[in-house]
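Here we start with a single chain on its own, the form predicted on its own, put down as structure tokens.
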């Protein structure tokens, strides 16, 4: 096993993603999104990204508001009880970002195909829906030659970079959630060419060796580790801190007025460039 440190500074996080990359981000809705990493992408002015986000919200909205995205490949984008994600809604309505909508299950199938090294993953979910018509290059109906059963084929989606947030990681790349809740993150990790873990804190490797059953992501699956205390804010990193409801409400209020939104966004994320002004 390698003993080389995989620690990478947060201030240089954007260097791990190139313009035009397929980026996948973890978390689940209001929970444990890699927000600090997304903030660095916004500050660096990354452009033309294809973003894979199975169930997300604020992270997607930040990257759209900052002008980082060309395409969003998603299952769901929402602020849940706090309403619609305003920059996402505007992008969907105006067509400024290409929206590729999947069901959660079929998008996971596409990631599983990439991790298995096969061109597609079959599933019975999605049969009889508009999915093949929405993106025929990604999904199509097929028939099994032996059984005659119909299924939906989900073409592999292989992210260039996947980023997830965890409670703890060590310098070798071992990572864990406390408790061991990994959402869809393991599917992203297995599918991606490069994996980045942001962590609330870096701990000694001895703590992983003392309780190996608690490891959520093993070191061999991780390329870079970034220490990012409160790196999921304003989403939750339960049980350490909840989502910040006050911020969600303030964000929604500001979104009603472009100048108010630009002021809030500059304070908490990054200045909005003129060409990406909402």
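All values derive from a computational prediction rather than experimental measurement. Numbering follows the first chain given and starts at 1.
Absent from the display: the form predicted together with another copy of the chain. The rest refers to it.
- Contact annotation for residue 121: at least one heavy atom lies within 4.5 Å of another copy of the chain in the model of the complex.
- When another copy of the chain is considered in the model of the complex, residue 202 lies well away from it, no heavy atom lying within 4.5 Å.
- Heavy atoms of residue 171 never reach within 4.5 Å of another copy of the chain in the model of the complex, leaving it off the interface.
- In the model of the complex, another copy of the chain lies within 4.5 angstroms of a heavy atom of only one residue of 163-182, namely 179.
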